[in-house]
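One chain comes next, on its own, written out as structure tokens in the form predicted on its own.
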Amino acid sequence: MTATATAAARPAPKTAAPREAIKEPSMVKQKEMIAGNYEKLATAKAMGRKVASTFVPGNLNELIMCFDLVNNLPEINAIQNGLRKKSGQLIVEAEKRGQSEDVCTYVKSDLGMLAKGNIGPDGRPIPSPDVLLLSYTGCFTFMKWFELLREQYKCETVMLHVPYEGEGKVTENMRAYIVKQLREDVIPTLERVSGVKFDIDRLREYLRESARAEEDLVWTLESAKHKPSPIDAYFGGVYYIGPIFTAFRGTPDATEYYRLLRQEVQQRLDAGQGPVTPEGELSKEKYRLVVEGPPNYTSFRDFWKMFYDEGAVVVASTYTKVGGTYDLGFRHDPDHPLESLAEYCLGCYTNRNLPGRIDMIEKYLNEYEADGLLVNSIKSCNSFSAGQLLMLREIERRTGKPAAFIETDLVDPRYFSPANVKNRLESYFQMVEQKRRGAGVAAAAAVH
């Protein structure tokens, strides 16, 4: 028998199945909540319910619920398709139909999904919206995105224009401008589309529920100030912000989710444990980082692994503020409902100017005792990527801590290069080590 024949006769080695990701109870609950919202969307027309499509930053979920509308968020569909590794083919489909390579890949994933029958991430059709509701909070792409969707769906469109924080602060005129739009444009449109009369007391109750959840979210994010940090505020943070940034803020489900999450994190704090990764608890925290920019979703688990394999924990991130800067003190206020919605929209991260973003990152580096800043620059997201190199250099100048730059994309698998990202991360961690050694030498010299 030849060597080739012998090899052919041997049973093929078994390929190890991918290890199932470890999930905490709160993550399981969140998964059930997401599935429940997709169930509502899939059955909306049969149940006689109207559908609103809106975006994450500055979304008016509490107001939408006042009109019994089911909330569909296109970015979340793109993220879910990215996590399920479906977004690549959808993006190619959109490009075949004329979309540029430089267009936001959330947009192309959504348009590609629409072109292929609008089958959602869970495999069931997403209904056409009855109203497109845009809260404009610093991302110009959102406006063009909704223009394209309006051409397809031929439905009502209403825009809430949110003034940009060019001077780095909110003024009373800004708040009043938004409240006027809510009263005169947004609420009347939603009443007309839904057939439901606006009830401000109902809104107040939803806002009261939101504030409860926001307290526990902030407590969770700030737990990362401990050493070791019991959470990862970037990769784990993607899960932590999910309910409050989307179709669940203002619901008892969200309040329960954050109560459960806080309980889990408190248990890890009490035990002196690090964050839970897809492969189990991180046993040793070696590096503490602040990260600017969104993550890559098509290779999310592999991306995260590059960090926890090195003992790197993200203790604060700007991405977890894209749907609200609650850790800077904002809470939805049921006593001032419309003004509270206005304040919320104004404070979203993408609506803040570059000096404000730099101040926020510097605050995180100092308060969370981080070793340095890492920027994940997203190829197709101008709202985040514009100005990031300037921000990086200014943070290095102010803090003296090392900063680094990697590049990926949101949900386009073509722009995630594992070898390149891994090499840059390893080089960065070497920079951190050198900085530590230099600080140690300087401290020893000062003693003598």
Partner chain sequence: MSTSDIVARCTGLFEDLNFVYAREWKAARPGRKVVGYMPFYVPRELIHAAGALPMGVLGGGDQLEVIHGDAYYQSYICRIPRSTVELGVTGRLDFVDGMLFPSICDVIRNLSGMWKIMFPKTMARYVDVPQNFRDDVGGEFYVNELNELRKDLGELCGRPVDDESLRHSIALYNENRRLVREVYAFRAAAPWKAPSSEVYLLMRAGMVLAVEEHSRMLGEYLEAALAENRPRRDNTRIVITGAFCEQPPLSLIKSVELAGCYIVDDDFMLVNRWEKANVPLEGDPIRNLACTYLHGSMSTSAKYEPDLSKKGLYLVDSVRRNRAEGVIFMAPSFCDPALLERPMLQNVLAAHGVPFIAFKYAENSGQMAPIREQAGTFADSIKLWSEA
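Numbering follows the first chain given and starts at 1. Values in this document were obtained by computation on a predicted structure and should not be read as measured data.
The form predicted in complex with the partner chain exists for this protein as well; it is not shown, and the discussion that follows is about that form.
*Asks:* Based on heavy atom distances of 4.5 Å or less, which listed stretch (306 to 314, 329 to 337, 156 to 164, 234 to 242) is in contact with the partner chain in the predicted complex?
*Replies:* Every other range fails; the passing one is 156 to 164.
*Asks:* Whether Leu83, Lys85 and Ile126 jointly form a contact site for the partner chain in the predicted complex is the question; each needs a heavy atom within 4.5 Å.
*Replies:* Not a single residue of the candidate spot has a heavy atom within 4.5 Å of the partner chain in the predicted complex.
*Asks:* Quick check on this chain: which one of Leu203, Ile358, Val131, Ile76 has a heavy atom within 4.5 Å of the partner chain in the predicted complex?
*Replies:* Looking at Leu203, Ile358, Val131, Ile76 one by one, just Ile358 meets the 4.5 Å heavy-atom criterion.
*Asks:* Taking 4.5 Å between heavy atoms as the contact cutoff, choose which of Ala419, Met47, Ala35, Leu390 touches the partner chain in the predicted complex.
*Replies:* Filtering the options by heavy-atom distance leaves Leu390.
*Asks:* Check whether Trp219 has any heavy atom within 4.5 Å of a heavy atom of the partner chain in the predicted complex, and answer yes or no.
*Replies:* Heavy-atom contact with the partner chain at 4.5 Å: absent for Trp219.
*Asks:* Consider Val170 of the chain shown here, and say whether it contacts the partner chain in the predicted complex, taking contact as heavy atoms within 4.5 Å.
*Replies:* Taking the distances in the predicted complex, the answer for Val170 is no, it never comes within 4.5 Å of the partner chain.
*Asks:* Within a 4.5 Å heavy atom cut-off, is Asn382 in contact with the partner chain in the predicted complex?
*Replies:* Close contact exists here: in the predicted complex, Asn382 approaches the partner chain to within 4.5 Å, heavy atoms only.
*Asks:* Consider Ile187 of the chain shown here, and say whether it contacts the partner chain in the predicted complex, taking contact as heavy atoms within 4.5 Å.
*Replies:* No, Ile187 sits far enough from the partner chain in the predicted complex that none of its heavy atoms falls within 4.5 Å.
*Asks:* Could you list which residues of 138 to 156 come within 4.5 Å of the partner chain in the predicted complex, counting heavy atoms only?
*Replies:* Residues within 4.5 Å: Gly138, Cys139, Phe140, Thr141, Met143, Lys144, Glu147, Leu148, Arg150, Glu151, Lys154.
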